[in-house]
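One chain comes next, on its own, written out as structure tokens in the form predicted on its own.
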Amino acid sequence: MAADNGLVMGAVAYDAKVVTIWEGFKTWFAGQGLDFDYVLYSNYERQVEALLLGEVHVAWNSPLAWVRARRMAGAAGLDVGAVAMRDTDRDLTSVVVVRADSGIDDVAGLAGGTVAVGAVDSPQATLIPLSHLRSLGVVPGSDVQVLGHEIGVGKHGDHVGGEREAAKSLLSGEAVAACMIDGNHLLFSAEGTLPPGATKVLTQTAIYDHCNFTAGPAAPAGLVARFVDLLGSMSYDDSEVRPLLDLEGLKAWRPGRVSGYGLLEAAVDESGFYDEKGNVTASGYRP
């Protein structure tokens, strides 16, 4: 069980910078009088299970981890809550991209081709865009073949490698389309992975939300409230915290909300990734 004299948070080590981020936050929280510590996990499935067992009070969860935590908690008669998120976690979209010279102008043109995606557990580069294609009448595995890029499996797409490889598959001709979050489409174009003008957006999903801090059933309410208040007090103008916010990819923390996870909930059900109790049911998934 997590120590009861301070707040213990779980995070997934998707990159070496994660240690720098949370060591910095730990020092800053100590300076504000909050006893804070963190535990790193190699994958989100393990982290969610630890949260429900009370081994950590709060988890920095991917959107897919939130879906699982909510389902597991509901099945066990427990409560979890999204208490905070980044400004950059709100109102995101994913895109399905084709080569500009492909001659493909609508999703019907994908029929018979291969669509490149990220890792099997990536909300933004696999689950949500494939669900979007289904909603437009294109059935993955039937109307189109799906080419996955299983990099960082268990990290729910936080490792950008799968999306980058999907983009490369599009350029090489292995695939007629590639799925990615819209921000990474811009990133890949800026860094040269996708040469300027070489691709075009075929279709774009509706907006959805990304990560949140999830408070578990063992979380002390007073400590969580203090944690959230301190997050909200962080200023991007503060030279001490700005480097940490830059590493974590935000300018301000916002209150947690759960209104932006409907697309992912539907995608999880369509793909059979989790069942209604949060059990992992995806075939062959080994985080």
Partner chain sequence: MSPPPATGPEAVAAARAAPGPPEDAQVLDLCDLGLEEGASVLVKRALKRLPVGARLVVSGTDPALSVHLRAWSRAHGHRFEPAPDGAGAPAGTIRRGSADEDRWHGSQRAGAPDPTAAGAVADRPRAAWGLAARGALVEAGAPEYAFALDDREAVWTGDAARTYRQAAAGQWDPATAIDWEDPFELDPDVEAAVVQVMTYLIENENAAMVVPARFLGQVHPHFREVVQVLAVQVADEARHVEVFSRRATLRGAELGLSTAGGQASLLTLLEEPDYVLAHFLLSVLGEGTFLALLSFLERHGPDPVTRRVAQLALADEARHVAFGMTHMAEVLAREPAQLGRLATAIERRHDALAHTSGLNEEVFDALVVLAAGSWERRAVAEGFRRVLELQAEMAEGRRRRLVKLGFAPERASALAALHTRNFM
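Numbering follows the first chain given and starts at 1. The structure presented is a predicted model; accordingly, all values stated were derived computationally and were not measured.
From this point on, the text means the form predicted together with the partner chain, which you will not see here.
Choose from 109 to 117, 129 to 137, 71 to 79, 155 to 163 the stretch whose residues reach within 4.5 Å of the partner chain in the model of the complex, heavy atoms counted. Going through the listed ranges, the match is 155 to 163.
Since only the chain is shown here, I'm wondering whether F36 would be in contact with the partner chain in the model of the complex (any heavy atom pair within 4.5 Å). Output for F36 is no: heavy atoms all beyond 4.5 Å of the partner chain.
4.5 Å heavy atom contact, R90 and the partner chain in the model of the complex: Yes, R90 lies within 4.5 Å of the partner chain in the model of the complex.
Should E49 be classed as touching the partner chain in the model of the complex when contacts are defined as heavy atoms within 4.5 Å? No - in the model of the complex, heavy atoms of E49 and the partner chain never come within 4.5 Å of each other.
Is it the case that R242, even though its partner is missing from this view, gets within 4.5 Å of the partner chain in the model of the complex, heavy atoms only? The answer is yes: R242 has a heavy atom within 4.5 Å of the partner chain.
For this chain shown on its own, do Y44, H185 and D246 all sit within 4.5 Å of the partner chain in the model of the complex, going by heavy atoms? Yes, all three are in contact.
Of G103, G141, G197, G173, which one comes within 4.5 Å of the partner chain in the model of the complex, counting heavy atoms only? Looking at the other structure, the residue within range turns out to be G197.
Residues in 209 to 236 close to the partner chain in the model of the complex, defined by a heavy atom within 4.5 Å, in order: Heavy-atom contacts within 4.5 Å come from H210, C211, Y236.
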